[in-house]
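Single chain ahead, written as structure tokens, the form predicted alone.
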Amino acid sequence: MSDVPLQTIALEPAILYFGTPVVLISTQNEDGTSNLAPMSSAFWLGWRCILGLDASSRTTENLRRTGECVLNLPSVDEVGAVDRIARTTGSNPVPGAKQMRGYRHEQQKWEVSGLTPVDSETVAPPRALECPVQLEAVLAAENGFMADDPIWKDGIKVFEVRIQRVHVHPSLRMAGQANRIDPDRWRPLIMSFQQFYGLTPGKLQASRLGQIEEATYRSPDVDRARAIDQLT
């Protein structure tokens, strides 16, 4: 341990993306085709996910209209597919803010990405076969963002979606457990300050939180998801 006292300095970075998992959101277009868009402003609580999206994006338009999406979670192995569509948009014409950042319109995102669309079970948008985790979801709520800023308040929207089907590659299932994902096997693709990163193998140390039975966090949304099969 260094004898130099810890210090901080004041900075003003333009963004504060300290690191979140990449999500590929698939939604259904008006003509019945599907759109695929990468994003990383997402977090989960129980079987709910909060998404921060550009208000002018095709994903936002589709999610509002249909109330459905699939959250495909790529691993480090799908980084190339994500990058190939990272500066594309399904919106035509390209929104001004995206034009400024060098985006181009692309209708055939699945083909450009090289990912394979497969049918979902409870929603219309397809899943990305190669992504190790695929979460079918429905829109639960829409909220504003930066309401205290007259210019930015209409530019970003926050959506709450409820997961109603979880698809996971078998290699991620924890040994001896029917419904648990092994974090030692899951290698999510991470976006940090606009760059791609992965997690290093293994835990840093044992976690006290990890001693809590995972089942104690189970929410009623799991039973809601099960009920879908009983209605069909």
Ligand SMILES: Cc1cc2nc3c(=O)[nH]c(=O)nc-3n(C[C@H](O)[C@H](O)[C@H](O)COP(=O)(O)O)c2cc1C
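One rule holds for the numbers: they count along the sequence shown, beginning at 1. Since we're looking at a predicted model, the values are computed, not measured.
Not on display, but discussed next: the form predicted in complex with the ligand.
Q: For the three residues 132, 165 and 173, verify that every one has a non-hydrogen atom within 4.5 Å of the ligand in the predicted bound form; reply yes or no.
A: Judged in the predicted bound form, none of 132, 165 and 173 sits within 4.5 Å of the ligand.
Q: Using heavy atoms only and a 4.5 Å cut-off, determine which of 191, 199, 181, 49 is in contact with the ligand in the predicted bound form.
A: By the 4.5 Å heavy-atom cutoff, the listed residue in contact is 191.
Q: Looking at the partner-bound form in the predicted bound form, is residue 63 within 4.5 Å of the ligand by any heavy atom?
A: Residue 63 lies outside the contact set for the ligand.
Q: May I ask you to state whether residue 88 is within 4.5 Å of the ligand in the predicted bound form, using heavy atom distances?
A: Heavy-atom contact with the ligand at 4.5 Å: present for residue 88.
Q: Please run the contact check for residue 34 against the ligand in the predicted bound form: heavy atoms, 4.5 angstroms, yes or no?
A: The answer is no: residue 34 has no heavy atom within 4.5 Å of the ligand.
Q: Is there a heavy atom of residue 145 lying 4.5 Å or less from a heavy atom of the ligand in the predicted bound form?
A: The answer is no: residue 145 has no heavy atom within 4.5 Å of the ligand.
Q: Could you list the residues in 44 to 61 that come within 4.5 Å of the ligand in the predicted bound form, counting only heavy atoms and keeping sequence order?
A: Those in contact are 52, 53, 54, 57, 58, 59.
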